[in-house]
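Okay, so here's just one chain, in structure tokens, the form predicted on its own.
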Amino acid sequence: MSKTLYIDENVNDGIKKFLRCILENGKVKGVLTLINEGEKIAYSLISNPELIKYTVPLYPIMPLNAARSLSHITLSEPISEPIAVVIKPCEIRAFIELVKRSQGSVENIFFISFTCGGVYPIKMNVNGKINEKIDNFWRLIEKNEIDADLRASCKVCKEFIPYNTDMTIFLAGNKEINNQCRIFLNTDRAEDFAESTDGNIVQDKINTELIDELKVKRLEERKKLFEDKKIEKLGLEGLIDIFGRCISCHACGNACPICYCSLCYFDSQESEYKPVDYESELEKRGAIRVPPNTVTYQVGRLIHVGISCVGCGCCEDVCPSEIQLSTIFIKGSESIQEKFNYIPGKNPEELIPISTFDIKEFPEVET
């Protein structure tokens, strides 16, 4: 059992009411969440309580992984005064991974998240089709069902319950979301904030049956996706075929929250082909693709970020060639993470495996 805040508003209005209240009473100096500016959805940092009415904290769109926004805000130094952040579970996990890499700080951040129903591809917001989906999205949330139009990565996500949050908004299978906002208070700080706001605080517990039910459905979708795409049977030739559609725009790396290098090797002069390199390749093969190294870039990125990939799907969402990047990266990352028994972003104190050395690691492959 844990303390739970009930606000007698629908879940979207309830969280906005809470955010406005903690801004007005000075519990936080700002709120970072999604804001809707005439169908332009973006993450924004808000200090004026009057502007909370424009926020859409639970909107099923991810214009970018918010871990990048938090990293920009806290990279040079921790923020000096508390802010509330309402973001999705994978965004929190990605930010924790960045913090472990000294790319941000959690100091003075009050985390609010929710049992995530997933997001739609960003193009649905660009062409306005998302407006036709919103009502159905919330109906499926109530039914604990998976919307077929969600990002592929969201339909197969196993980690839809947030870690490391002060507050968790319960959505999965909650049939009262149109009448009530139900927020679990996970920390003493959350209890303090809740006591200063309108609402009733009671002892309650999360419905694990609903959580388990949705997890089973997500795992079934995961299995189906991998089988349909024949991911395990791709091999090198399959990867060459798929990544052969890459145009080397590097949009996936720019969208990925874990790709944080100021200058990627593949954007550096070091990786540029010189005339002599082209001549050498042409002599060997008679033809060479321009630009080269698209497969090397994708495989290199998988090796680089695999241990910390949170499966947010931003890479695939921005790919102009519509390569099934998230499916490949989720499968590849799953294999790496299982080897190290590591869930990225779950435990802030756990070191990233690639940053440690254990002399007895993987004894089964010793010779």
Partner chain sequence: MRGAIFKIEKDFDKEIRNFLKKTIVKKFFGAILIPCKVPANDSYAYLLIRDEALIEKASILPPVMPIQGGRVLKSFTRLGKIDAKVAVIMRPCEIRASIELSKLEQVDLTNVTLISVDCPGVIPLSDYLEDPVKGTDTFKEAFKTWESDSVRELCKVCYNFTLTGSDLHIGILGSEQGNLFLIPVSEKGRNLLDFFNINYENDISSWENIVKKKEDERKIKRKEFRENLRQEIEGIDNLLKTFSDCLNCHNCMRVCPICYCRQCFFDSDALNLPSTNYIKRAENRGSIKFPPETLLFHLGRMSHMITSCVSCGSCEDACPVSLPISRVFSFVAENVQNLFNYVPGMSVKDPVPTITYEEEELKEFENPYIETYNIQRM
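Numbering follows the first chain given and starts at 1. Each form is matched to the other, and the largest set of C-alpha atoms that superpose within 1.5 Å is called the rigid core. Note that the structure is predicted; figures quoted are calculated from it, not measured.
There is another form of this protein, the form predicted in complex with the partner chain, and it is not shown here; the text below is about that form.
*Asks:* Look up in the model of the complex whether residue 47 has a non-hydrogen atom within 4.5 angstroms of the partner chain, and give yes or no.
*Replies:* Result yes; residue 47 sits at the interface with the partner chain in the model of the complex.
*Asks:* Using a 4.5 Å heavy atom cut-off, state whether residue 100 contacts the partner chain in the model of the complex.
*Replies:* Taking the distances in the model of the complex, the answer for residue 100 is no, it never comes within 4.5 Å of the partner chain.
*Asks:* Spell out, yes or no, whether the shortest heavy atom distance between residue 329 and the partner chain in the model of the complex is within 4.5 Å.
*Replies:* Flag for residue 329 set to no.
*Asks:* Using 4.5 Å between non-hydrogen atoms, is residue 338 touching the partner chain in the model of the complex?
*Replies:* Residue-level check for residue 338: no, no contact with the partner chain.
*Asks:* Quick one: from 202, 219, 134, 290, grab the residue that has a heavy atom within 4.5 Å of the partner chain in the model of the complex.
*Replies:* It is 290.
*Asks:* Just one of 72, 175, 233, 224 has a heavy atom within 4.5 angstroms of the partner chain in the model of the complex, so which one?
*Replies:* For this set of options, the contacting one is 72.
*Asks:* Mind checking whether each of 43, 76 and 272 has a heavy atom within 4.5 Å of the partner chain in the model of the complex?
*Replies:* Contact check passed for all of 43, 76 and 272.
*Asks:* Of these, 185-193, 225-233, 256-264, 111-119, which stretch puts a heavy atom within 4.5 angstroms of the partner chain in the model of the complex?
*Replies:* Of the options, only 256-264 has residues within 4.5 Å of the partner.
*Asks:* Across 1-35, which residues bring a heavy atom to within 4.5 Å of the partner chain in the model of the complex?
*Replies:* Heavy-atom contacts to the partner chain in the model of the complex: 29, 32.
*Asks:* Establish whether a shift of 2 Å or more occurs at the C-alpha of residue 280 between the shown form and the other one, with the two forms superposed on the rigid core.
*Replies:* Moves: yes, 2 Å or greater.
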